[in-house]
Every structure is written in structure tokens, then in C-alpha cells.
Ligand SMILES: Cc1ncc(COP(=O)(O)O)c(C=O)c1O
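Before any questions on binding or motion, here is one chain by itself as C-alpha cells, the form predicted alone.
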Amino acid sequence: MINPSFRKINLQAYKPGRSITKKNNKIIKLSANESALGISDKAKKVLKSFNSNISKYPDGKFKELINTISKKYNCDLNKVICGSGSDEIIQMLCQLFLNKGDEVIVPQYSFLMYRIYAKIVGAKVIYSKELNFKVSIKEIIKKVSKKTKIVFLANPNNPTGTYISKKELLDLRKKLRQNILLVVDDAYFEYMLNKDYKSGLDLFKNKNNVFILRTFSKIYGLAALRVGWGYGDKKIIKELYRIKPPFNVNKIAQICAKESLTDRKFLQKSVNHNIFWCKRIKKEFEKYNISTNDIGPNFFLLNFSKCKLSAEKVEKKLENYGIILREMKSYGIKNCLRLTIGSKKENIFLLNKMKSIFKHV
């Protein structure tokens, strides 16, 4: 029997943070940068009382959600598009802009979906070096060629947790050719209170050659509902609407996202929780000579290079207690783990188990 032929794509599939272990039924998952506090009360209310007719398709143009986004962030609703998670918008951008042989620049340690979607459409992925796990504007500019079409940049960066300043981000856009699209991923911007930080949307709201990504999967806790949004030039948005799936964001996701945006109390509570536990966890981990990125997003890159135990050994010992962290081998980062800030109960349990692990080291 002859099977239909298909195109072979040379790439490594995305490997998500694990959610199960071999030894524990009850686990504490600190591997996927998910919300420590779950979802807002307003989103919970939607889920409990939802009785709309699900036999009808959702709004394919997301009118109510986009109106809420526009009002909250004081931006043009005609420059917004929603996706099934921001990664669907990454996929659509690659489909729209890239042809075989085009080049895309991504930082050495960056969100894996940038490179995966670029490779799927036949583009060549070029990696810019990072300095001490921080994105380098100078190294990105070095990699620019005549074939460069897109530069993808998450700020703060996943998985390293580092960020570049407002000045550096403006400098990057200034030094790039005007016809190169700069995609700035604001996935963790809500957590960022650092004085020298500005979100991509704040800086480039009126730029035609910058596209902004945002998500409801992180601080708003809607990861399972898959909803994100993008902001860019009207001409880009118009073409993205032409190629997007007709009903790509389900009705419940749209309503929960809309309600989440209006819950200021939940947002502030989440930010305060993150600051408190980041400070405490960072201080405790320094006792074991485990270094981290500066406080900012809701996760740390844990570096074990000066620690008496290796990342792999600590990872396995934590797993025995039912605690899952994110391994970094799939990102090409050695002797490191990524830790998501969990709930109060989860964080206390983690810190207690770390004490047990290092008690006799």
C-alpha cells in the first residue's frame, strides 16, 4: 500500500511543562507559568451561570471583547485581533509574512513557538546570543540580513525571566530596518513594576512596523480556555482576519476574558501576591547558592551552577514530593530549572521541601 506523501518538517515539537509524575497522584505543578490565584471571581461567575445557546457559533469578530480591550488600554479597536491563545496569532503572523528562505531572528533562549511556527512555513530561524540570559539588542542587530522579515521578542523573556528596558526596546526598533516587523510579546507585562520597564503596547501603540501580543493565559488564569489578542497596523489586522479560522475563540472564552479585564481587584491581588512570594522565594533560594533572574514576572530561572546539587538532582527530589518544575534542556539551557510562583500553600510546601533536600548537604 502506498501512503499519501507529506512534507517533512525539520523541527522539534513543543514540549509543555509536565503535569504528572510517576509516583504522585497529587502534584503541585510549578512548571507552566500559570496563575497562582486561579481565575477572577467575575470569570467564575460566568462559568457557573453560563446558559447561552452553545449550539450557535461564537462571534467571529469578538466585538464585545475587543470593545472592552480598547477601552481598558485606550487603543484603536480596529487594530485588535483575538486568537486561540496568543500562539495562534504567532502562527498567523508567520503564515502572513514569511515565505520559504525568509529569515526570522529570535533570542537564543526564547519561547519555542516563535521558531516552531517560523520553521513550519519554511523560514530560516536565526538565533541571537544572550548575555547572562538577557536579550542583547547588539546581538540581534548583528544577525540582521537582507532576508530578515521578523524579529520575535518576549519582554520579559520566557524562559529566562529577564527583561530589556524601555530605552533598549526603543533602541532596537530604531536600529532595525523599517520593513522588518518587530513582534513584542507582552505575555507577563502585568507583573512588571520595574521602573525602567514599559510594555510593548505602551511604547509602540502607533507604530506600523511593530506587532504586540497579549494573553489571558497567565495573570488572568484562562489558560484552558485559550484566548489571547494581538495589536498592530490596520492593514496587518485586515489580512489576519482574512486567514484566521472563522470561529477561533469560543464564546465562553470571550465572555470570561471580557469579564476578567474589568476585575481590577483580582489583578492587583495577583500582582501583590507575586511580589511578596518572589522576594521570599528568591531570598530562600540564595541560601542554597541558587541564583535567579531579578524579580519581575511570575517565574524564576533557577541557576544551579554554584549550588552543591545539580538542577537534575533537585528536580528529581522535588518530584518525589509531588512538585514539578520545568526542565530547561529543551531550551538548550544547562543545569537550570524554571519555577512558577504558586499559591501560598504551594510556595510554603516547596520551601519546606527545599529545606529538607538541603538539610544534610
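Please read these numbers as outputs of a predicted model, since none were measured by experiment. When you see a residue number, it is the position in the sequence shown, counting from 1.
What comes next is about the form predicted in complex with this ligand, which is not displayed.
Engineer: If contact means a heavy atom within 4.5 Å, which one of 137-145, 275-283, 182-190, 202-210 is the stretch that engages this ligand in the predicted complex?
Structural biologist: Residues of 182-190 come within 4.5 Å of the partner.
Engineer: Even though this ligand is not shown here, does it sit in the predicted complex so that 72, 258 and 266 each have a heavy atom within 4.5 Å?
Structural biologist: Heavy-atom distance to this ligand in the predicted complex: none of the three under 4.5 Å.
Engineer: Given that this ligand is not shown alongside this chain, does residue 86 nevertheless sit within 4.5 Å of it in the predicted complex, heavy atom to heavy atom?
Structural biologist: Close contact exists here: in the predicted complex, residue 86 approaches this ligand to within 4.5 Å, heavy atoms only.
Engineer: Residue 217 versus this ligand, in the predicted complex: is there a non-hydrogen atom within 4.5 Å?
Structural biologist: Yes - in the predicted complex, heavy atoms of residue 217 and this ligand come within 4.5 Å of each other.
Engineer: So in the predicted complex, does residue 105 come within 4.5 Å of this ligand, heavy atom to heavy atom?
Structural biologist: It does not: once this ligand is placed as it appears in the predicted complex, residue 105 has no heavy atom within 4.5 Å of it.
Engineer: Can you check whether residue 158 is within 4.5 Å of this ligand in the predicted complex, heavy atom basis?
Structural biologist: Contact with this ligand, yes.
Engineer: Ok, 226, 244, 166, 173: which has a heavy atom sitting within 4.5 Å of this ligand in the predicted complex?
Structural biologist: The option sitting close enough to the partner is 226.
Engineer: Name the single residue among 118, 92, 154, 249 that comes within 4.5 Å of this ligand in the predicted complex, judging by heavy atoms.
Structural biologist: Exactly one listed residue reaches within 4.5 Å, namely 154.
Engineer: If we check this ligand in the predicted complex, which of the residues in 97-136 reach within 4.5 angstroms of it by a non-hydrogen atom?
Structural biologist: Heavy-atom contacts to this ligand in the predicted complex: 111, 114.
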